[in-house]
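Next up: just one chain, as structure tokens, the form predicted alone.
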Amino acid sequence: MIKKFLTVFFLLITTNLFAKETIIVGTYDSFAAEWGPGPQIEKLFEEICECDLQYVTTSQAGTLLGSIFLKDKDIILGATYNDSKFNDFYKFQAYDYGYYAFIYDENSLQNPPKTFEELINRKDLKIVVQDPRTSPVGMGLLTWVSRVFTQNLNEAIYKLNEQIITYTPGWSEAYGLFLENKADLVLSYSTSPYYHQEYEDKYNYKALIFPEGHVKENEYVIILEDTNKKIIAEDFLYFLKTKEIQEIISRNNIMYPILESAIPPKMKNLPIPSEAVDISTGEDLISLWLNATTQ
């Protein structure tokens, strides 16, 4: 009996000594999907950290920094900058970036708008975008409109809303509707055509590049203040900046990597938008949007 007890006791000690440490990464679902960069990053990082990296996902990227989603996470991956939140974090860094843009199929839309001004004044377009309350891309559109239409912001939001057929919770739903030919334009990133070129050999999908400029948005990886896995988490941040991982991110997340040498050739050939002037309107953009959509 004593021998059996000692065997179990030493087995438990051995198991605890060699158990892999688990690190929980909260991110959006497309990043962790089998076609996204998440699985490759998980496999490669686990090979060097001897840890168990686990993703917990949400379909609404706008909730990544919500108090409910932050609970029990060590790292958040995929959030856009929020000055009221980021000061509470231990460390953070950008790992990729993109420019918000409207995507169209040149086989279907023969006369695309050439300026943002023309777009909001057209009456013949069907546009699908994301809800700014749940999607950073949707919120990015409001920021974009506020920078371009500084003199008539309310009117611009109202006019644009007249052409929007639906607001989806996230990016995936909106882009899916566009690919089903339910809309002429979809709000996405200027790098979206890269996916069709690289993986489908299709060159008919284009980004509208407006002379008024576009909004550049970084995606961040964040270490939470209350995690007890800070050393592994810091290793993960460094790992994301290596060329191999930056190449995986650009190819599978369809965004510009922060490491310029990791940009894929076909992505380098895409037109790069100029940036719209960063002007703080002082307006509550969600309130303006709600007023426009409920009139």
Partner chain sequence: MLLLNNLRYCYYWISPLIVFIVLSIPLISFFYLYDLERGFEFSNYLTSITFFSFYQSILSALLSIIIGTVFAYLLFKHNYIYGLKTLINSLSVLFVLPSIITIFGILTFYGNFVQIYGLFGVLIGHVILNIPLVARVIFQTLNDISLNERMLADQMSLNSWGSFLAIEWPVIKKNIPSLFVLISFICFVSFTPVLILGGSPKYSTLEVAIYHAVMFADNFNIAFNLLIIQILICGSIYFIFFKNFKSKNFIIDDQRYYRSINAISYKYIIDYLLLIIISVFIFSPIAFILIKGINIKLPEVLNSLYFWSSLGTTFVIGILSGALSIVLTYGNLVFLNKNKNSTEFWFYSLIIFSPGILAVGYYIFFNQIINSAISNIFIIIIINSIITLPFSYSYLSPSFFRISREHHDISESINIYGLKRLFFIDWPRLKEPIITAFCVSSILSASDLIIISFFGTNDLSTVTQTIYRLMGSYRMDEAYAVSFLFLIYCFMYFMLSYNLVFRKWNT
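Numbering follows the first chain given and starts at 1. A quick note: this is a predicted structure, and the numbers were derived from the prediction, not measured.
Just so you know, the form predicted together with its partner chain exists too; it's not on screen, but the next bit is about it.
Participant: With the partner removed from view, which of 129 to 137, 90 to 98, 211 to 219, 114 to 122 is the stretch that lies within 4.5 Å of its partner chain in the predicted bound form, judged by heavy atom distances?
Facilitator: Stretch with heavy atoms near the partner: 129 to 137.
Participant: Quick one: in the predicted bound form, does every one of Trp35, Ser59 and Tyr195 get a heavy atom within 4.5 Å of its partner chain?
Facilitator: Every listed residue reaches its partner chain in the predicted bound form, so yes.
Participant: Quick one: is Ser30 in contact with its partner chain in the predicted bound form, heavy atoms, 4.5 Å cut-off?
Facilitator: Yes, contact at 4.5 Å.
Participant: So in the predicted bound form, does Phe102 come within 4.5 Å of its partner chain, heavy atom to heavy atom?
Facilitator: Phe102: no, not in contact with its partner chain in the predicted bound form.
Participant: Going by a heavy atom distance of 4.5 Å, is Lys206 a contact of its partner chain in the predicted bound form?
Facilitator: No, Lys206 is distant from the partner.
Participant: With the partner left out of view, is Ser188 within 4.5 angstroms of its partner chain in the predicted bound form by any non-hydrogen atom?
Facilitator: Flag for Ser188 set to yes.
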